[in-house]
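Given next, in structure tokens, is a single chain: the form predicted on its own.
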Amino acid sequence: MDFGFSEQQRDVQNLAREILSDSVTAEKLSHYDDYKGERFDRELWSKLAQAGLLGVAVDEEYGGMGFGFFELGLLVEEAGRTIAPLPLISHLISSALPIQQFGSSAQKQKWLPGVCSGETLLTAALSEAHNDDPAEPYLTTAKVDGDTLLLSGQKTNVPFANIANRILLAAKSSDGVVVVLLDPKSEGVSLTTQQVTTYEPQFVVNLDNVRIHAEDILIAAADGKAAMQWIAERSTVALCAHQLGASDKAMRMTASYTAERKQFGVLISTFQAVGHRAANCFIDVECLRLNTYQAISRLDGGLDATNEVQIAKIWAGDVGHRVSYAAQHLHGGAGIDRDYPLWRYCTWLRHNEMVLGSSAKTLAKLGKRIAAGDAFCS
């Protein structure tokens, strides 16, 4: 059996790597540091759209390539490798994929062509304060009012909410969990800016009896919880893929540095302690790669992947932590020099680790599944 990439997967990966590596440089990224500019490269966004990559997993009838989730995961991995200033996960995985999976024909026709062309920007509000389960919202509620809904509550850490055409979010109703496409310009919606270490624009979305019409109700309450679990798993694995790309780049940057840096007239890469620590980084990154690809592959095939997603999540958090520390250690003082690009990768690795949440808590959840007999390969 061939476990390698298919030809189309290699083509997507190579095309994404070529465009992103050519377009994202340390000099360009410095323009967004300390919120000097909005962290969104619109020119690069247009390039990806023209290359068809924004529609890589969108059906051909809506202007996409018609590929699957695996190809989309490879695109996100390359974005992590360059820490590209683009909202790929929130736009493509957390928003566009659910519309394609659960939306009506009218909703797909309305939003997906713009997703592929880059003219439409979508985002998702998956976080609430003190709540790490997107499938169980409790700070955001929905009340039925005729054939519309009235939303009240709050979502946090919503990327690019200020320029998004729609925000996918879930709300608790008397019948379950309803998923809607919120227009951020609707009456009753207010945005509060949040500052994060990566300088990505994020917002608190406050809702005060915001009216949602039928055409913007994506998933009814009876199916909302299962759908949000579907969305959460894919968003989590996409973040693992981003972490993989960033970890791999930080590791390779460190290997290159130690192969050139001399101490006492000797290359530090020849020091046993340096070699051991670098080798541990390589093992970590490869384990993260295998676990992330396993989770992506099962999701791409429509298989249950709860166990694999949790395993990849644990590895992504821990590997990002260990690689960022090792890279800083082996670089010495150069690692924290803001004129050298490593610090941005370390910042993103720690940011992703925090977004993924406690690895110990996820490990405990996996342990409960093992104890219940639910965590074995099928």
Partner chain sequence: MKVEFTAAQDALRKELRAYFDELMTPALKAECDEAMGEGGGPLWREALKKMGKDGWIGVGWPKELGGRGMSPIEQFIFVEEVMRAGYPFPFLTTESVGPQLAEHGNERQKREIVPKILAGECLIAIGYSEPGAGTDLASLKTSAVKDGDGWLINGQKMWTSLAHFCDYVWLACRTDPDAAKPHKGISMFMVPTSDPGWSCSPVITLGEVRTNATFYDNIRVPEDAMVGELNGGWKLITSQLNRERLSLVNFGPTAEMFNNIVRWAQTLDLPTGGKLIDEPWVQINLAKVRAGVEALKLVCYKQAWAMTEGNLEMADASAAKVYGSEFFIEVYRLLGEVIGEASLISRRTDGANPIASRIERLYRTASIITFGGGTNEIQRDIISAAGLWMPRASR
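Nothing here was measured: the structure is a model prediction, and the numbers come from that model. Rigid core (definition): largest C-alpha set, two forms, superposition within 1.5 Å. Residue numbers count along the first chain shown, from 1.
There is another form of the same protein, the form predicted together with its partner chain; it is not shown, and what comes next is about it.
Enquirer: Between the options Q294, T198, Q154, T141, which residue brings a heavy atom to within 4.5 Å of its partner chain in the predicted bound form?
Expert: Contact check passes for Q294.
Enquirer: May I ask you to choose, among L191, C287, I163, A226, the residue with a heavy atom within 4.5 Å of its partner chain in the predicted bound form?
Expert: Of L191, C287, I163, A226, the residue with a heavy atom within 4.5 Å of its partner chain in the predicted bound form is C287.
Enquirer: What stretch, of 216-224, 142-150, 173-181, 252-260, brings heavy atoms to within 4.5 Å of its partner chain in the predicted bound form?
Expert: Answer to the contact question: 252-260.
Enquirer: Can all three of H276, W315 and L363 be found with a heavy atom no more than 4.5 Å from its partner chain in the predicted bound form?
Expert: Affirmative, all three are within 4.5 Å.
Enquirer: Does its partner chain come within 4.5 Å of any heavy atom of G357 in the predicted bound form?
Expert: So G357 does not count as contacting its partner chain.
Enquirer: I'd like to check something about A326: if you look in the predicted bound form, is any of its heavy atoms closer than or equal to 4.5 Å to a heavy atom of its partner chain?
Expert: Looking in the predicted bound form, residue contacts with its partner chain do not include A326, since no heavy atom lies within 4.5 Å.
Enquirer: Is W343 a contact residue for its partner chain in the predicted bound form, using a 4.5 Å heavy atom cut-off?
Expert: No, W343 sits far enough from its partner chain in the predicted bound form that none of its heavy atoms falls within 4.5 Å.
Enquirer: Can you work out whether M65 and its partner chain are in contact in the predicted bound form, taking contact to mean some heavy atom pair no more than 4.5 Å apart?
Expert: Because no heavy atom of M65 falls inside 4.5 Å of its partner chain in the predicted bound form, the answer is no.
Enquirer: Considering only 260-277, what residues come within 4.5 Å of its partner chain in the predicted bound form, judged by heavy atoms?
Expert: Residues within 4.5 Å: L267, S269, T270, Q272, V274, G275, H276.
Enquirer: 2 Å or more on the CA of T25 between this form and the one not shown, with the rigid core superposed, yes or no?
Expert: No; that C-alpha moves by less than 2 Å between this form and the one not shown.
Enquirer: Do you see a C-alpha shift of 2 Å or more at S358 between this form and the one not shown, with the core held fixed?
Expert: Shift at S358: 2 Å or more after core fit.
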